[in-house]
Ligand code: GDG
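Given as C-alpha cells, the chain that follows is alone and in the form predicted alone.
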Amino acid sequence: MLTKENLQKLAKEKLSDYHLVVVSNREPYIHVIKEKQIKCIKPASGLVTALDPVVKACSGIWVAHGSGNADKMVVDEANTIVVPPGVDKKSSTYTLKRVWMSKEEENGYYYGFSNRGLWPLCHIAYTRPIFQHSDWMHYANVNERFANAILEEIKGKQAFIFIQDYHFALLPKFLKEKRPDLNVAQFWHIPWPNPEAFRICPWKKEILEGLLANDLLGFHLRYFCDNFLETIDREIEARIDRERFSIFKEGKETLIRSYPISVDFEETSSLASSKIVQKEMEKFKEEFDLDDKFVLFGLDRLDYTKGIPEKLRAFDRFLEKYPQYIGKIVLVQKGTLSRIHIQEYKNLNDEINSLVEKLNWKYSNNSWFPVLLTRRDLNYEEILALYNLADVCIVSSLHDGMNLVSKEFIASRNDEDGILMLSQFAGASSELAEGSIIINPYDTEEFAEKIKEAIEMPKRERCKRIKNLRQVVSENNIYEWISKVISDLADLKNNYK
C-alpha cells in the first residue's frame, strides 16, 4: 500500500527538475474571519488530501480562486502566500496563488457555464443544460486569467501544470499558445457524456480543442475515456490511435488515461478508531435516539445527481410494504446545501423538504420519526461517527464520476461490519460491485427490496463483504491514484527530452 511518505519520495524523484503547478477552482487553504480573528481553514477534500503532500514535496505552486473573506488580507503584492501556515521547513511548504473574481464573473464562470451548463451536460440526470453567451464569455475570460496567473508565477521556467476538473476546459490551450514547451495534464473529475449528449453544447469545438491542448487527459473510468474518443471522432478532425489510447491533432498527441480516484485509507481508518470519534458517536446516539434502531445513513451534497428524492421514495415504499419495521429503523440523511443560487437546486431543496415532511407525518409515532434530515455543518470526526453508527450507508447517485462517500464509509469501518448500498450509476460501482448491494435508484420497487435485503443480511455475510471491500480500497488508495498520474507525467517529461 502506497503511503504519503512514499508518494512524497516518488514526487521528488520524478519531478525534481520541473516546477509543479496545480490548478483548481477550490483552494487548498482558505482564510476567513472568525470571532474577529483571521483563521486558516483546510477544507475537507479528497483532492486536497492527495495533492497537498505532492505540492509540498516539490515546493510547488497551487493556483486557485481566492474565495475566503480574509484571503486578500494575507497575500503579498503578487497575490501569493506560503502554505500551510506555521511551518518553517521549506520542503514542507509551497506557494498558493489566488485569482480574484467579481460577483458577476463568478456567477457567469462558476454558477453559469460550469454548473448550469457543463455539469448537467456531463451528468445524465435529466436536467436540461442552460447555455448563455454571457456565461461562456465569463468562462473563457476566467480561464485566460488563470493562464496569465500561472505564466506569471513560473516566469519562463520548465513546469508541469496539473489542471483539475471541468472549470478549466480552455486553460490548456491558453497555456500552450504562449508556452508550447510546457507539460500540461488535466483530470476531469466528472463523467464524460456520450457524443449525442455532448453535441448540444454550442461551444463544443472550443471545449474539445481546449482539452486536446493537454499532453495528458485523465478520467475516472475507461468508459468515460471511450466516450471522449467517440466524441472527438464525431466532432473534430483528428486521428485516434486506439492502441496507444491517444489523439493526434495537427501533429500534437494527447494521451487519454483512466485514473479511478480514491481516499486516504490509512488516515481515515486510524481517525475512525480515535476517542474523538467514539465520543461523537455517543453524542449522536443520544441526540438522534439511535439505540435499538437499525440505522440507514446518507451523506450527500444537495445536488440533483445524488438521487436523494429517489432514496426517500424507496424508503417510503419500504415502510409501506414492511410496516413491521416502523419504529425500529431510521434514515439519517446529511444534506449539505449547494449552489443554492441556481433555481434547479432551490427546487430540489424544496422537493426534499416536502418528501421528508410527508414521510415523517405518514409514519411517525410518539417520539419516533423515520427520517432525520440534518443540514448543519459537520466536521470530519462527526462524519466518521455517523459512518460507524450506520448499519447501512446508501449511495443512490443518478450519475457520478466516482463518489468518495462510498470509499470513506468502507475505510472507516474498522469493525469490519456494515453494508454499502451503491448505485450502479456511480463510478465507484466499477470497483466496489463485489461486496456492495448494487441498486438502480430509478427502480423504486427494487430499491425498497434492497433495503430489506440489507436489513436482513446475516452478520457473517456482512463482515465478509466489508472485509473484501476494505482490501480493495486500501490497495487502491488516494496515493496510488496520484502516483500513477505522476509516473505518466514523468514519462511525458522523458518524451520531451
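Just so it is clear, the structure is predicted and the values come from calculations on it, not from any experiment. Numbers for residues come from their place in the sequence shown, where the first is 1.
Below: the form predicted in complex with GDP-alpha-D-glucose (GDG), not depicted.
Only one of the listed residues (K293, H189, R145, R257) places a non-hydrogen atom within 4.5 angstroms of GDP-alpha-D-glucose (GDG) in the model of the complex, and that residue is H189.
Exactly one listed residue, out of F265, F315, Y387, F168, brings a non-hydrogen atom to within 4.5 Å of GDP-alpha-D-glucose (GDG) in the model of the complex: Y387. Shown alone here, G401 lies within 4.5 Å of GDP-alpha-D-glucose (GDG) in the model of the complex, counting heavy atoms only.
Of the heavy atoms in L378, some are within 4.5 Å of GDP-alpha-D-glucose (GDG) in the model of the complex. GDP-alpha-D-glucose (GDG) in the model of the complex is not approached by D215, whose heavy atoms all lie more than 4.5 angstroms from it.
Using a 4.5 angstroms threshold between heavy atoms, R301 counts as touching GDP-alpha-D-glucose (GDG) in the model of the complex.
Residues placing heavy atoms within 4.5 Å of GDP-alpha-D-glucose (GDG) in the model of the complex fall in a single listed stretch, namely 328 to 336, out of 328 to 336, 194 to 202, 280 to 288, 351 to 359. Contact check at 4.5 Å (heavy atoms) against GDP-alpha-D-glucose (GDG) in the model of the complex: all three of W119, I261 and V405 pass.
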